[in-house]
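To begin, one chain is listed below as structure tokens, in the form predicted alone.
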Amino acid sequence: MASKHWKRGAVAIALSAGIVHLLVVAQTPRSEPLLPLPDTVTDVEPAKVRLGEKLFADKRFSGDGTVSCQSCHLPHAGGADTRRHSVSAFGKVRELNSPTIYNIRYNTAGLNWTGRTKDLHAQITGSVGNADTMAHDWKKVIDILSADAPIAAEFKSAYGGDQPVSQANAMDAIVSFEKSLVTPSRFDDWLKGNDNAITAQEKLGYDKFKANGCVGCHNGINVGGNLFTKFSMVGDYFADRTAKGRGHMVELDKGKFAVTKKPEDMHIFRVASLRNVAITPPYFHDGAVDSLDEAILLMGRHQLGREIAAADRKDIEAFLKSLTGKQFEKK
């Protein structure tokens, strides 16, 4: 049964009078720098996903019991954080905006803005004990979960064994849930060959997205998430931000340099996925930009050295909205 909160990809089958009707329409997949998401995922077990969803929202994973994974990855906000700066355990404000958890399984350049964790298992392993996130201890978390009879029963049902409530199983359940969060869009239908899946303006916006060079970084199955690049290739985004009263440079603005201390990593960030970008403001690692139009303007200016005209930005924005998962689009 689909969660009432989190929305995942699904395959629908039409039934009439007890007969399954299959309408096969020949479609030719398009050869594009963007690749389509699958309609559904089949490599996660439903019982583990259901348990993982509960653990993802469980505030007992934090040292002071105030935040969960879901606190910074909100289901009603495209799996991202609506606040400019995310807040961790003990009220610690981090000067970054948490990116979306949806389709995160397709981020091949690691996770976080700096790629400091290579995959979902590494992320959940370190998050609990990290003073900047949960500030807790895995042993204490497992003791708490073991004492919760209903949760322990769910672990037993999902994993079996004599000691089903374990760190390994808790991590696996959360990762299973995260892997289930895939959001195929109308644009994916177009990529698969459905000419009518997107509007003429959305198609025009996609053409302009490519013509302006945006696709050089935002490509592949996740429309990003697969490489690192310098933030602010042209001009100085950070000086621009300061001039607008949106904050001076801080340590996190240094990108990968803050982790590696290598000069060549200064201001290097993982390229963000643009899937569901229309419903995940604020934008960029610093959460300093509220509107998608301004985000497009600044990316053109500071990444591409282009002043993208207002009319072109409107068309590109229309294309970006076609990347919103179908389950999120207003009916």
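Sequential numbering from 1, following the sequence displayed. None of these values were measured; they are calculated from a predicted model.
Keep in mind that the form predicted together with a small molecule is missing from the display, and what follows is about it.
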* To do: Could you tell me which of 179-187, 152-160, 108-116, 242-250 sits within 4.5 Å of the small molecule in the model of the complex, going by non-hydrogen atoms?
  => 108-116
* Asked: Even though the small molecule is not shown here, does T82 get within 4.5 Å of it in the model of the complex, heavy atoms only?
  -> no
* Might F209 be said to contact the small molecule in the model of the complex, defining contact as any heavy atom within 4.5 Å? -> yes
* Classify P99 as contacting or not contacting the small molecule in the model of the complex by the rule of any non-hydrogen atom within 4.5 angstroms, answering yes or no. => yes
* Asked: With the cut-off set at 4.5 Å between non-hydrogen atoms, does A318 touch the small molecule in the model of the complex?
  -> no
* Asked: Does each of M134, H285 and A295 have at least one heavy atom within 4.5 Å of the small molecule in the model of the complex?
  -> yes
* Sort through V277, L51, L37, L34 and report the residue having a heavy atom within 4.5 Å of the small molecule in the model of the complex. => V277
* Taking 4.5 Å between heavy atoms as the contact cutoff, choose which of V141, C217, L191, V165 touches the small molecule in the model of the complex. => C217
